[in-house]
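So this first bit is one chain, no partners, the form predicted on its own, shown in structure tokens.
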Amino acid sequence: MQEMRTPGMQHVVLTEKSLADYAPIVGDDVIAEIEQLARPLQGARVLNISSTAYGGGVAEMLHTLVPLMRSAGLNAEWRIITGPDEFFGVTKSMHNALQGMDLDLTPAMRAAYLHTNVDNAVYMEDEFDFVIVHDPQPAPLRMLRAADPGKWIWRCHIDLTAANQVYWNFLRPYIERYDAAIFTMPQYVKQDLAIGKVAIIPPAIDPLSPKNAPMDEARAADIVQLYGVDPTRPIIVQVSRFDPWKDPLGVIDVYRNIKTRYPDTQLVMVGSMATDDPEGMDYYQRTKEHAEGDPDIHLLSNLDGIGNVEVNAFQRAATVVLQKSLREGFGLTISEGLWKGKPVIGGNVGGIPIQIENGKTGYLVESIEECTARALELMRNPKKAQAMGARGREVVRRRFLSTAHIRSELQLFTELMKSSARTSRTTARTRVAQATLASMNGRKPRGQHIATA
């Protein structure tokens, strides 16, 4: 992947992908349905706008969804907004506040946020049939490009159920300028949001990406050994950003509890340092301090050379996969772990419960103690863990793969096109009625030019 730098936004250059390659995994019928949905949309220009090209679930999904849109015959692309560190500091506060933190929103923060969006909007000169704007960072773009044609969609990837009202009141007017909004779950939709259409589309993983592609045990073992991890000893793995909402300090506490029963247990926490997360390094340092130099705690990131292949290896080598989040919009790492046949223990928050069937494909937990107990249960019963992981993989195959995601987006595009056509017909009928009424009154309607045969 490369980023082609231009003033304002950056164009993300992507590798090619083919829908046909997914047929052996999801079935020919699913691919045929996607192709049928895409047929009326051939050549449509689609733009995705986000805040970073790597790090986090949004970027990961777009690396697959945009190429698959192209494979389906749409003219799709992806751009990321640019801005100074001050802007990304503000948007990180916005992210935290929208997930429930009590933070101030100062006039200077508002100005920095809007100024960067104006800078990006100025250079967006071309037009699209559909524009999908991801999360709060670029949300004002629709208002700033109000004259642009096409349908604009705001995609919210975070949990708004406990949103800080000051931040939400600031953001909401920008969102209400969109034609539609996509949320992960119905519970995330704010009751005071006035918008034309709401779609519920959960995120998804790419089963053919380097992070999720098949990998044998021997190769996974060789890779984890490169990072000082012993594949013959129990391994607890959590893959997520170093972020307070992912509770990395709590994960270390769970590991310490487990270690009293299984002294040879190792903990691997894999994160990524993303350009739109200025707090990441600070929380990494806090996590490192909490680890207190324990040689069996491995804190790894892209700065250590960890990429998608390495994440794949650690998830496959794991004895137990955790996602002990305190807030979570969705948590793609849940589906990633399940896809590899591992039962996953996750926080009972946000989008995690729609992925984990409690007691069947993993466990939902609400405390360090409960998380410890469930992890020990899986470690004592490897056959049970294997059966739960197999069920989890099938759930992901049916519900949380990229093919399901692209199908849902194409359905939304089709609905927006139909609503646009209905609006056009209604407008035309209104104009005819106005013209008829005006002619009865012996005058032309203002601003209308009525053609006669």
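Quantities reported herein were computed from a predicted structural model and do not represent experimental measurements. The first residue of the shown sequence is 1; numbering continues from there.
What follows is about the form predicted together with a small molecule, which we do not show.
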Original post:
Do A163 and the small molecule share at least one heavy atom pair within 4.5 Å in the predicted complex?
Top reply: no
**OP:** Flag P343 as yes or no: does it have a non-hydrogen atom within 4.5 angstroms of any non-hydrogen atom of the small molecule in the predicted complex?
**Re:** no
Original post:
How about V254: is it within 4.5 Å of the small molecule in the predicted complex, going by heavy atoms?
Top reply: no
**OP:** May I ask you to state whether I132 is within 4.5 Å of the small molecule in the predicted complex, using heavy atom distances?
**Re:** no
**OP:** Considering the small molecule in the predicted complex, find the one stretch among 166-174, 307-315, 223-231, 103-111 with heavy atoms no farther than 4.5 Å from it.
**Re:** 307-315
Original post:
What is the one choice in G347, P138, G362, G331 with a heavy atom within 4.5 Å of the small molecule in the predicted complex?
Top reply: G331
**OP:** Work out which of P207, P248, G271, P202 lies within 4.5 Å of the small molecule in the predicted complex, going by heavy atoms.
**Re:** G271
